[in-house]
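Next comes just one chain, in structure tokens: the form predicted alone.
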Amino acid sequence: MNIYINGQAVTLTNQSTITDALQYYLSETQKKHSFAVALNCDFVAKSDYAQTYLTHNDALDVLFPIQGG
């Protein structure tokens, strides 16, 4: 199954969840930071990542906060 994470095409196995996609996509350092996830433009609660299954051509956006002043 192909999905897009932050616009990048990624191939995952069928029955993959958001948790699986994040495990594949994020570095160990990125996993330690706060971030939000949107699936097809709808934000998903962190508590739902493991129960939300992805389908072919889904678009997953991983958004990190930007600090500045």
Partner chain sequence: MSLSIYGQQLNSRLLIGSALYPSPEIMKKAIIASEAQVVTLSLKRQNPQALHGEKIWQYIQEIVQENQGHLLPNTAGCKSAKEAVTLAKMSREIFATNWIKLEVIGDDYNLQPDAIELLVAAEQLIADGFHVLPYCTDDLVLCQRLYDLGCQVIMPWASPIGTGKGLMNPYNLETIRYRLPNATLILDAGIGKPSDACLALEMGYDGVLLNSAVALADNPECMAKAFALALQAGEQAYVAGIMAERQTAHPSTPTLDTPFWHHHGK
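Positions refer to the first chain, counted from 1. Model, not experiment: these values are computed from the prediction.
Just so you know, the form predicted together with its partner chain exists too; it's not on screen, but the next bit is about it.
Asker: Do M1 and its partner chain come within 4.5 Å of each other in the predicted bound form, heavy atoms counted?
Answerer: No, no contact at 4.5 Å.
Asker: May I ask you to state whether A50 is within 4.5 Å of its partner chain in the predicted bound form, using heavy atom distances?
Answerer: It does not: once its partner chain is placed as it appears in the predicted bound form, A50 has no heavy atom within 4.5 Å of it.
Asker: Taking the shortest heavy atom distance, is D20 within 4.5 Å of its partner chain in the predicted bound form?
Answerer: So D20 does not count as contacting its partner chain.
Asker: Flag A9 as yes or no: does it have a non-hydrogen atom within 4.5 angstroms of any non-hydrogen atom of its partner chain in the predicted bound form?
Answerer: No - in the predicted bound form, heavy atoms of A9 and its partner chain never come within 4.5 Å of each other.
Asker: Of 1 to 35, which residues get within 4.5 Å of its partner chain in the predicted bound form if you count heavy atoms?
Answerer: The stretch touches the partner through N6, G7, Y25, S27, T29, Q30, H33, S34, F35.
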